[in-house]
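As structure tokens, one chain now follows by itself in the form predicted alone.
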């Protein structure tokens, strides 16, 4: 759209905010009004709580909301992965039921994909969904499920056909988490946090209308969810923060974010905290060491290059271009930057990097960085998986020899060391 149209849109949202934004009201009341107006997520289709705007115009709307000091739609947590997936693959009934409550923050979501025996090989999952008496009955286990302990709904991948190749026998479901047969157990990490959970299903129920897409068509839908997840893991991700505003809306927002963001509070450490490197180099007196300076320069070059790649991907998105290889490239680059940052932090701190708590540097923050960084090479697809995607889909290199994609999944050996 033209610059004149952007200015018109900015004036429209300013006028609407002037008439409707009041911080002394319940958060749910404000967010409901925002969602129903279409201003909360303006790039969504007009019939589904949006305006149908381009990314450029959508960003202009969000800038006006921020300038007005108003609170935006709920976006923290996994909920936006669910929204993006349902907008592309969900039925009208799914969109009508779930999209509004995602924007208002009434419902939290989790992603029920990974399993103990099929981490990087997602298509090798064995959680089973069987249609019995008109309902899907779920049995199996998921793991590394962020926010499962406070999610109302989960995006579930389960096997619905064992007699076809593995990618062809998977279905995508919306699972209600608060029901008998769903057990969530937090996992304590070595950095002391407990963001992840293992989830057990014992005859859990999914009603037939909560199958997303077609039966056995879940792999294509899962790729949509994963593409959006990797786009958010490219090093430019930000987490929702509560402004220091006054009024009921802000009070409730701070309470919400303290709850929703709890599993993610160590994620900046997972990314390596490049922002602390120069500060630590000066404080430790190592800034004059030529070897250290060379390592810092290399890290900062890597970090800035990764940021530019991510911003190019964002710009392409604003221009309406389809998702390209930037998701995997950015994900792998962010992993390399984090590992390099951990190395430099160790050079600067020496053995003191192992101390935690009040005995450690920055009250143990440096040690938390070192034991958190390995996670970024695993979450959202391992480094090895990203390299395979880049080599095969971007560079056109021959695919790895596979023996498990052209025969029924029930005939594929699993855990061969135990057979």
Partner chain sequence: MEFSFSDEQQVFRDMVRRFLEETSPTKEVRRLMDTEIGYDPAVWQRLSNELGLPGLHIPERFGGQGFGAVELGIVAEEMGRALLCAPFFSSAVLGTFAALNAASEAQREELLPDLAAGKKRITLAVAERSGSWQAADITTAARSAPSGSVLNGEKWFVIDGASADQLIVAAVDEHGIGLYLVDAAADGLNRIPLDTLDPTRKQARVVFSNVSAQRLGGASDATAALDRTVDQATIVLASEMVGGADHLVRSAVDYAQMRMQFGRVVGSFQAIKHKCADLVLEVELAKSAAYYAAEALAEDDPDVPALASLAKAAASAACLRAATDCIQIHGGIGFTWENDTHLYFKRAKASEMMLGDPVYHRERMLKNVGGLA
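Quick caveat, the model's predicted, so the values are computed rather than measured. Residue numbers count along the first chain shown, from 1.
Below, we turn to the form predicted in complex with the partner chain, even though it does not appear here.
Contact with the partner chain in the model of the complex, judged by any heavy atom within 4.5 Å, is made by just one of 75, 146, 284, 118: 118. Taking a 4.5 Å heavy atom cutoff to the partner chain in the model of the complex, the contact residue among 223, 258, 291, 96 is 291. Contact with the partner chain in the model of the complex, defined as any heavy atom within 4.5 Å, is confined among 83 to 91, 187 to 195, 302 to 310, 169 to 177 to 187 to 195. Of the heavy atoms in residue 384, some are within 4.5 Å of the partner chain in the model of the complex.
The closest non-hydrogen atom of residue 136 lies beyond 4.5 Å of the partner chain in the model of the complex. Though the partner is left out of this view, residue 227 does not reach within 4.5 Å of the partner chain in the model of the complex, counting heavy atoms only. The closest heavy atom approach of residue 377 to the partner chain in the model of the complex falls within 4.5 Å.
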